[in-house]
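Read the single chain below, which is given as structure tokens and is the form predicted on its own.
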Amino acid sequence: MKFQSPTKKHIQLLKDILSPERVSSGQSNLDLHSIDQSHHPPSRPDAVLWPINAQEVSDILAFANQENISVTAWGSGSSLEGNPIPVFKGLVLDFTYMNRILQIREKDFQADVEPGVIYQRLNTRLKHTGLFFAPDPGAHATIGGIIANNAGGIRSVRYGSARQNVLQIKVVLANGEQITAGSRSLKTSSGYDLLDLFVGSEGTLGLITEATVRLRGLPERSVAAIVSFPSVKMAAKAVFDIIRSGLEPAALEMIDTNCIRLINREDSIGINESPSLFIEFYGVAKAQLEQEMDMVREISRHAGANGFVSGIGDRDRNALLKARYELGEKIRRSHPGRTHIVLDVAVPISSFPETVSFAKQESSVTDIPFYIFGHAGSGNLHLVLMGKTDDPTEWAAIDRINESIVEMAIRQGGTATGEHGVGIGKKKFMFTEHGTGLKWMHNIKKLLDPQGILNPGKIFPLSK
């Protein structure tokens, strides 16, 4: 795959499309847009552009398509699979300035936003309405990035990922054409589902310039518990039992002993240092929540729990949630001189205990520090491995562990990536997971982006 490198003439024409101060080839800006939060090697673009509206995005893509220059979208750079790294250089479109909350329609439970809106800022704005945007991947992710990766977070067991929380998007295609996918209605059976085609496409089919997202009601009451188990397999088995019982937790997270030990050391929370589940329920009636928690206690007892703490106050709950959100940063900070890789597989709930046990077994055969946690209620497992930055032997072992766990998840009927996307790191598993279906994905890519200028080097294993 070959693309044209932007010339000085190209850069000047782009400055005419935007304005000189929103086009940069400065070394610091190129470096900042060369790498995300993953372990994948950096690749500097030739120029960074900051559009401020859909028409500018359209003009840029029409120009880049005509000149055969690659284009990669950039939200906040918080991706974990190299999704926004411009591996073919070219142009990076940074959506920082397209960060307006355009309209909040409380009566429709909807908000119209530009792609550069940080999801926490939208929720801060919504506080007085009693509504919130449910996906919460934890990093300071933009809503455009959340949609592009179909990200979820700890509430995905109840509210789903981005796909269940976006109703309509406005997209610019590779040739500069602007289209709308989806509708503001909660139901539709009109035509092909173009909306879901773009959600999770990682900026390879088109660039989102506006989204209508679904809002949910803030719960009137909540109750939380921490349940400890002798092993991660027993904790994972309890997840299956809780889901099978018909209970509908708002959060059902699994955290292994290494994670809890780290949280206790840094935040002095004082959790029992054994594999645990963090469980949260939302509701209106206090009696109902107490009944649900009693059921969880009984299920956990039968599953072999060796600790159960419920009735956690708001202060402790918020502290634990904050610690869970910051877990990735805590892990990285605790291992100077090491680089992390974050595995992100998802499997059917019935296969979750076996997958967790297999992940621990595979990771335990080396001296490489590892941490297991995840959105257990969705069958989504994360494994963080911390390899010495310049140690090829350790990274060969990490690659082996990564491949064995991903392949095991796919054999179980699961997926190579639950919420982080394919990016660079998971594209080698795409044929194993999708088989001949991958050919049809590639056909769709060629139809919408014939020259392949949009985020090349991602998703398809032969693209680089």
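If you're wondering where the values come from, they're calculated on a predicted model, not measured in any experiment. So that there is no doubt, residue numbering starts at 1 and follows the sequence shown.
What follows is about the form predicted together with another copy of the chain, which we do not show.
At a distance threshold of 4.5 angstroms between non-hydrogen atoms, residue 422 is in contact with another copy of the chain in the predicted bound form.
With a 4.5 Å cutoff on heavy atoms, residue 209 does not count as touching another copy of the chain in the predicted bound form; it lies far away. Under a 4.5 angstroms non-hydrogen atom cutoff, another copy of the chain in the predicted bound form has residue 417 among its neighbouring residues. The closest heavy atom approach of residue 460 to another copy of the chain in the predicted bound form falls within 4.5 Å. Listed residues 103, 318, 288, 306 were compared with another copy of the chain in the predicted bound form; 288 is the one with a heavy atom within 4.5 Å. Only one of the listed residues (165, 355, 300, 156) places a non-hydrogen atom within 4.5 angstroms of another copy of the chain in the predicted bound form, and that residue is 156.
Site residues 190, 202 and 380 are all in contact with another copy of the chain in the predicted bound form, judged by any heavy atom within 4.5 Å.
In short, of 355-363, 372-380, 334-342, 223-231 it is 372-380 that has heavy atoms within 4.5 Å of another copy of the chain in the predicted bound form.
Residues are counted as partner-facing when one of their heavy atoms sits within 4.5 Å of another copy of the chain in the predicted bound form; in 87-125 these are 106, 107, 108, 109, 110, in sequence order.
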